[in-house]
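As a starting point, one isolated chain is supplied in structure tokens, in the form predicted alone.
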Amino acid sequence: MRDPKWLKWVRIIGLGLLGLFTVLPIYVMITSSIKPLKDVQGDFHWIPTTITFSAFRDMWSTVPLAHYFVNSLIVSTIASVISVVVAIFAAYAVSRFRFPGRRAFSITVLSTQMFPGILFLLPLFLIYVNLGSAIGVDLYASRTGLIITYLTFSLPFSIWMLVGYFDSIPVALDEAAKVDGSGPVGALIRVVIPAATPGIIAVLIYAFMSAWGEVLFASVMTDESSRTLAVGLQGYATQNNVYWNQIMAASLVVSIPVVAGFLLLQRYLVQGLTAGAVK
């Protein structure tokens, strides 16, 4: 049975408005980045009257953007990789084995997603400062401390997502690998992980994006040497001026790694999320 004609037009109009709502801010960001600062601060014009790319050059010297970029790349990559590697083994154990405390562990992992991040901010800050004073381990204002901080909220979600995905993989694959002489770890590495590649990539993308754009913890747990991009963009707003065109240009540059990674791996992302949700 075909849908009525009016419903088709409602869908077209609705999708058109949604697309406009999504594209319009990006258009304003792009046009603002190629305007002189005086034009951005003046009356708004949809079409730039003067086009200049000086903001893309000056943004590197106004703040140490390259240093912030390296910090974000190192912290996000290491945090996401560690999160996924640990989550693979934890999720496999929860999915395939029955042990005392299994249900309590699963509930605890899931319940961590109910609490806001700011609830953990002060305890983590005090732990890092006290560790530095007591045993000389400087986790505060360091990349290592920020990586550990990001693991506190990316790891539980990664475990929860991978448990659902591993549950959708038939146990017969594990048993076939064991017949061929593989142990539990061998079955995981040789059979389960290749079959779960879409789900693992989906979790990896989520963990990386969460760390890349995180602001709350990075604004408190870092200093000038360990600051990330999400916080470093505040440097374009000084006491005397706000360099809006450089902010827009830097925001475009900051978005490139995440957008590029999403476009390259979107097939795995969609497949991994849907397969993990339906058993």
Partner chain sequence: MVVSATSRPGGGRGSGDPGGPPPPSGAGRGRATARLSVRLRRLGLPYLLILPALLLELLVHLIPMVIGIGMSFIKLTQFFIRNWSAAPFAGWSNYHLAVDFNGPVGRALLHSFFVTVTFTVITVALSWFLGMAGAVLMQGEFRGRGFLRALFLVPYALPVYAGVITWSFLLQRESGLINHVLVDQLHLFSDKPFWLIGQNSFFSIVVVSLWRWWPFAFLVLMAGLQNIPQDLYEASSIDGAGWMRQLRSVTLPMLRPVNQVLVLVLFLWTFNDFNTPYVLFGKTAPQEADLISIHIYQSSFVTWNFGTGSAMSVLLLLFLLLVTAVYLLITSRRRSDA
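As the structure is a computational prediction, the values presented were derived from the model and not from experiment. Residue numbers count along the first chain shown, from 1.
The form predicted together with its partner chain is left out here; the points below concern that form.
Within 4.5 Å of any heavy atom of its partner chain in the predicted complex lies no heavy atom of residue 198.
In the predicted complex, residue 153 approaches its partner chain with a heavy atom inside 4.5 Å. When contacts are judged by a 4.5 Å heavy atom cut-off, residue 248 counts as touching its partner chain in the predicted complex. Its partner chain is not shown here, and in the predicted complex it never comes within 4.5 Å of any heavy atom of residue 51. In the predicted complex, its partner chain lies within 4.5 angstroms of at least one heavy atom of each of the following residues of 217-231: 219, 220, 229, 230, in sequence order.
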